[in-house]
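Encoded as structure tokens, the following chain is the form predicted alone, with no partner shown.
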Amino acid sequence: MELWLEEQLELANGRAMKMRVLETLDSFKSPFQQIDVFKTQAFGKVFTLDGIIMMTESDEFSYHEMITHVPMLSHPNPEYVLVVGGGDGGTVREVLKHSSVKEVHLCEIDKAVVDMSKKHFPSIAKAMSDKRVIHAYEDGAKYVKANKKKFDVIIIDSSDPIGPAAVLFSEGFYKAMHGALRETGFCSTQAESFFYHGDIIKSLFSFIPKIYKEYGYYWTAIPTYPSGIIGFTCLSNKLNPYNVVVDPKRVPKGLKYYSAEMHKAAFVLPEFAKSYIKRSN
């Protein structure tokens, strides 16, 4: 019998991403969510949470490179970094490509995700064993509140705003992130697709200008996410993300997606999406 993985998130809206499954490698329920790993024909190994695609071997680099290197290279000297979510290890892997980094705090509410990645995606997960990585298995909202003025860069590598990740899209959480940033700090957060999720983006930018003096939205192409793209906020209290000039000497070698040119281009939005982002300049 032929098996197909059908992405669950958009089914209610009459649209879906399907891929042929060659083998189910793992399937279990953690205290927080259903975790599955599949071997697929087109995208290699695929990891899902509650039926929603989180990562595939074939295209994870475009997501992890862009959620990471845009804020890291916008900051002049990132030393202390917080990753909330990101238990697969891809964002931590990219953060550690910057020689300035002294500590990476990985705050993942579900340790089972980290254990799953170590088992099924060892080349991605191995970065989490670096001696600079501090693991915290707890609620990300509580963690940022407990670490005032601690971080140069905060990266919210979250799932969609349902279940345990819903709080990470709230105004209270964005205020807490602001309090955890150092003076020249940058945040980037997973912020959905401007094709499918304009209501979520509008909601975020209804309160972001009240919290951060500088802010923007950028995006990357990724075939296995809803609509084929995913967007991110880029937030700071001092440095304008649209005015960043990337030093090419700081760009890590061997990247597949990110470049200084792509960094700049990623902030360019189609006309209809510009209305989702409230900016005074």
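We number the residues from 1 along the sequence you see. Worth saying up front: this structure is predicted, and the values here are computed from it rather than measured.
Omitted here: the form predicted in complex with a small molecule. The next part is about that form.
- Contact with the small molecule in the model of the complex holds for all three of 64, 88 and 190, each having a heavy atom within 4.5 Å.
- In the model of the complex, the small molecule lies farther than 4.5 Å from every heavy atom of residue 94.
- With a 4.5 Å cutoff on heavy atoms, residue 217 does not count as touching the small molecule in the model of the complex; it lies far away.
- Remark: residue 152 does not count among the residues lining the small molecule in the model of the complex, judged by a heavy atom distance of 4.5 Å or less.
- In the model of the complex, the small molecule sits beyond 4.5 Å of every heavy atom of residue 241.
- Heavy atoms within 4.5 Å of the small molecule in the model of the complex are found in one stretch of 28-36, 245-253, 209-217, 46-54, which is 46-54.
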